[in-house]
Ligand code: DUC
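We begin with a single chain expressed as structure tokens, specifically the form predicted on its own.
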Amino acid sequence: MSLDLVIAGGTLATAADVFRADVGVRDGRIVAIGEDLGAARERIDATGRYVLPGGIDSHVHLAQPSGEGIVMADGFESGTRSALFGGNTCILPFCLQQKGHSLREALQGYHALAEGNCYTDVSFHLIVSDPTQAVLGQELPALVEDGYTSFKVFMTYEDLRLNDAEILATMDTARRTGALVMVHCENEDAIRYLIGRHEAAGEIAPRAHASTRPIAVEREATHRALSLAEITEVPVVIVHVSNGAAMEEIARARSRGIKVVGETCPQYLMLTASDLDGMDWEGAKFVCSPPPRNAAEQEACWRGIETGVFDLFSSDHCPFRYDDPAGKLNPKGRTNFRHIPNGIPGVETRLPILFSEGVMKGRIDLQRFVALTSTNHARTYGLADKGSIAIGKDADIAIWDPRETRTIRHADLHDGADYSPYEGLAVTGWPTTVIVGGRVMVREGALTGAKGTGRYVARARSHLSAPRPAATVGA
């Protein structure tokens, strides 16, 4: 039987190897890897280019409730389109449970927003903000069985944070069901104390966002989250790590036998706290949590990428418009940094930044790039059919031109925000053709696929997790 598509002449890369071969696709799957694969309805010449697994961005916020008068810049249409042009074929946004509401109710609304609007495949994490007995005892176990196998808890943001007892109870549900817990590690009480000090001193400009969330706030919460994971005996993902001290906590936990996945993001490699000190209110563009640090912490994060402290490189795409009363220039009148919505856009630029700054500058090899941006995400979050170029996997493929140079300009990007925090950054290497499930969605930089091509994907449990009964505690 002839093939639907052959990608010929390219250099393939997986997390383990780099080699020359052709790829054959039929019915949305990779069915052949080799030479002289025979006839196909369509043939793409990838000579001189890299043929890589499509990126999986496992930390993305789309269409998420963000507070009164605040509107996120991206829904599923613009968010997945932007992800696609950045070489991604699957993203994992968060479905937020609002207090007093059920997770099922939140998921029904979130699926309705995604239905028919996606250019990439999607799968959902859950955010647990109200861990009632019914949620932990009934809803979450049932949802894990339905393929929602990861959920996130917050240690910061007053309307989202859980106390230690609630985190322990949520982790215990993860242990019993085999789910994976993601933790945003910042100590809210310490932040509120520092906010009070700053406000008393009249320090309310955007730069105060960084100084009210110092490294110690993240380090302490990381240590506490890992201690709670050790007590409950569950694997955890420590998300968006910004500094060396938090990395040391991860390394020490691993030495004690705790299963912990570390994640970092482009903002911790490319931005610093000084970016929040822009003229007038410009620093609001760079407000995210944890905040960017300094050059020394950037180098620490690079070491984490190079040495394996970090398993995942995600965008934490959380977009708001800047020049918009429902965004960074908010309706409270630009009077206090506390009113700036936390988050920055970056789903489209994640891969080009790491490719250019990492691969092209010799910090990491191509295999490590593939692991950090695709394979490890698939393994961590139970996407068994994704994350590698191998027979039987989904034909999710990005073809990269390693010689293409671009200067990042928001005018050339495809998200719903009105700025990029990486404006003016020169990069080398760009994904020029992107294939989702065997369909060519972007061809030589032009959109060719239809909205609605992307599908929702239920997930298996992580390779780190398995349902386990409560441990017996002896005297």
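The numbering used is simple: start at 1 and walk along the sequence shown. Note that the coordinates shown come from a computational prediction; the quantities given were computed from them, not determined experimentally.
This next part talks about the form predicted in complex with this ligand, which is not shown.
Enquirer: Which of 370 to 378, 170 to 178, 250 to 258, 281 to 289 has heavy atoms within 4.5 Å of this ligand in the predicted bound form?
Expert: Going through the listed ranges, the match is 281 to 289.
Enquirer: Decide whether H61 counts as a contact residue for this ligand in the predicted bound form under a heavy atom distance cut-off of 4.5 Å.
Expert: So H61 counts as contacting this ligand.
Enquirer: Is S211 close enough to touch this ligand in the predicted bound form, meaning at least one heavy atom pair within 4.5 Å?
Expert: Close contact is absent here: in the predicted bound form, S211 is far from this ligand, nothing within 4.5 Å, heavy atoms only.
Enquirer: Although this ligand is absent from this view, report whether P141 comes within 4.5 Å of it in the predicted bound form, heavy atoms only.
Expert: Heavy-atom contact with this ligand at 4.5 Å: absent for P141.
Enquirer: Consider R321 of the chain shown here, and say whether it contacts this ligand in the predicted bound form, taking contact as heavy atoms within 4.5 Å.
Expert: No.
Enquirer: Please state whether every one of the three residues K152, H184 and G343 places a non-hydrogen atom within 4.5 angstroms of this ligand in the predicted bound form.
Expert: Checking in the predicted bound form: K152, H184 and G343 are all within 4.5 Å of this ligand.
Enquirer: Only one of R81, H240, R350, K386 has a non-hydrogen atom within 4.5 angstroms of this ligand in the predicted bound form; which is it?
Expert: Contact check passes for H240.
Enquirer: Using heavy atoms only and a 4.5 Å cut-off, determine which of D316, D121, D394, E263 is in contact with this ligand in the predicted bound form.
Expert: After the contact test, the surviving option is D316.
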